[in-house]
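Single chain ahead, by itself, as structure tokens, in the form predicted on its own.
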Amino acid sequence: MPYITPLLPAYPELFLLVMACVILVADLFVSDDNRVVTYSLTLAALAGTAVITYATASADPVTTFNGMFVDDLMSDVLKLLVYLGVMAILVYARAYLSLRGLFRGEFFVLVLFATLGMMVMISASHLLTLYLGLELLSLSLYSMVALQRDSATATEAAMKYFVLGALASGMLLYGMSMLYGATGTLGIAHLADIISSGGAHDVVLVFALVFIVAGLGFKLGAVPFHMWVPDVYHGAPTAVTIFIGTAPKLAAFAFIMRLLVQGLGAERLVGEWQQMLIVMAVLSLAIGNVTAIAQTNLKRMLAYSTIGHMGFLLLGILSGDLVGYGAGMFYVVVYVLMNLGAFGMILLLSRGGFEAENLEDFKGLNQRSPWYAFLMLLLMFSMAGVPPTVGFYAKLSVLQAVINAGYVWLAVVAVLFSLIGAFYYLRLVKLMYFDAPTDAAPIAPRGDVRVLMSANGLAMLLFGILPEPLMSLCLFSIQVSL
């Protein structure tokens, strides 16, 4: 029998940690004119981590650190998607950061530490590891939002995010401490065993559950824990907004799967958290989609749209079966792809001294660049759930899971609010194709951005026509990991 190194499952995390420290020190010796060296090293670190993750992937779950850290197929798939997402963000944001004096080593190191936090969250099988990953991610994000020190809006957004995030972390930690008090363990697998065997007090468990769901709701940006989302999306530099709005959602999905499904998925508790998620999902769909209609700022509109999308994600999870969890994973992957493209387009149209973040900045885009207008149309159609884009299949798979779970009325509510939400996506398409342009500046991005944006937009169509491989991968990874 071959010898397996005890730390093998954590090799990707250890490699990224070492690389982040190396880049932090190396950046001290790089002049401002050669900052592209730090940028290239960061991309190389992410690519290297992806290779190690793929090489150490295992179909069967493998644990290390005394069972506190697990490497399974779900974690490998989500981590690889996180690396791809973060690399795409860096490519999109390069010109934007350079023009605003943010193309600095601090930004890249914070990105790597935030990515490391996401990786730890995704692979955590112990409440301490979960919390450690969450705090590493959160503290990096707070710092990134405040990176533009001369901007009063960014500083205000960072303060709001930090204060509300600290409250949410406190609630989550309090819920975890109550779980420990009720069960006497912090290991997620042990938690599930003790709760299933009836060895914990029901009242204490339900109280713990309330605090945990509240903390999770904040991290997702679900109603009623959503008020930081529009302010932070709007106030943060767009290069930071695209980061907050994409990759961390994959980690948040893994967090829910580990804590709610694996740890608190016992039959006696599922009904309790299902009821809470139903309320959060319906409110998120309602407030997110209705409030987005009133927005004139595209970043705020996409923030409220995110709240609505998180409602859909919760629908997949509350269905309480493997098909629903697979649909939820498929939905969050598609959501990240769509958001990458939408915020990438804002970054592409922005230039020195000009933020292309208002709806009117997209007027007449078809006359300025038919290709980018077409890509944005695909992204908006996908967000609205118009076939044959992949957003349609993402919504359909979640609705099927909800109906199979017996919540037909919930599926009807979700469809109604999706129809309302289609208005503000199609309004942007109308502005691009039927209004006269207010800006005549040429759109000439770098070659790598042009290729990536084209691939991102066309992926909406490709995965829409052939959704099966991605859907099967999500469902299979959930089945073998739970």
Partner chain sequence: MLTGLPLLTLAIWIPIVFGVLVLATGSDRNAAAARLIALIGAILGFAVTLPLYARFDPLASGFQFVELAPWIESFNVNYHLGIDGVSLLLILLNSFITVLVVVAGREAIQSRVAQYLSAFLFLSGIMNGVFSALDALLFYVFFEATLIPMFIIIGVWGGANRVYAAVKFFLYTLAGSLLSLVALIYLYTVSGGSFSLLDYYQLPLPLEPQILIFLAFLMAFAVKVPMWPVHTWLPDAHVEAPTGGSVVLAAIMLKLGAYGFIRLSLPIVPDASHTLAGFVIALSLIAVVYIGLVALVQADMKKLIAYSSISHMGFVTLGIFIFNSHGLEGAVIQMVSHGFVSGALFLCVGVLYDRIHSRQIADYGGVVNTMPVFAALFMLFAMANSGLPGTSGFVGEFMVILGAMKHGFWYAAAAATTLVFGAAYTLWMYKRVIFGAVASPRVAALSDISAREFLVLGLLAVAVLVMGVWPLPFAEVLHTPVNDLLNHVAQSKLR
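Residue numbers count along the first chain shown, from 1. All figures in this text were calculated on a predicted structure; none of them were measured in a lab.
We do not show the form predicted together with its partner chain, though everything after this point is about it.
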**Request:** Report whether the minimum heavy atom distance between residue 367 and its partner chain in the model of the complex is within 4.5 Å.
**Result:** yes
**Request:** With heavy atoms only and a cut-off of 4.5 Å, decide whether residue 57 touches its partner chain in the model of the complex.
**Result:** no
**Prompt:** Is residue 397 close enough to its partner chain in the model of the complex to count, meaning some heavy atom within 4.5 Å?
**Reply:** yes
**Prompt:** Going by a heavy atom distance of 4.5 Å, is residue 120 a contact of its partner chain in the model of the complex?
**Reply:** no
**Asked** Which pick from 224, 170, 388, 184 sits with a heavy atom within 4.5 Å of its partner chain in the model of the complex?
**Response** 388
**Prompt:** Pick from 47, 26, 444, 415: which has a non-hydrogen atom within 4.5 Å of its partner chain in the model of the complex?
**Reply:** 415
**Request:** May I ask whether 294, 324 and 340 each come within 4.5 Å of its partner chain in the model of the complex, counting any non-hydrogen atom?
**Result:** no
**Complete:** Which of 446-454, 416-424, 30-38, 48-56 lies within 4.5 Å of its partner chain in the model of the complex, heavy atoms considered? The stretch 416-424
**Fill in**
Residues in 154-186 that come within 4.5 Å of its partner chain in the model of the complex by at least one heavy atom, in order, are none
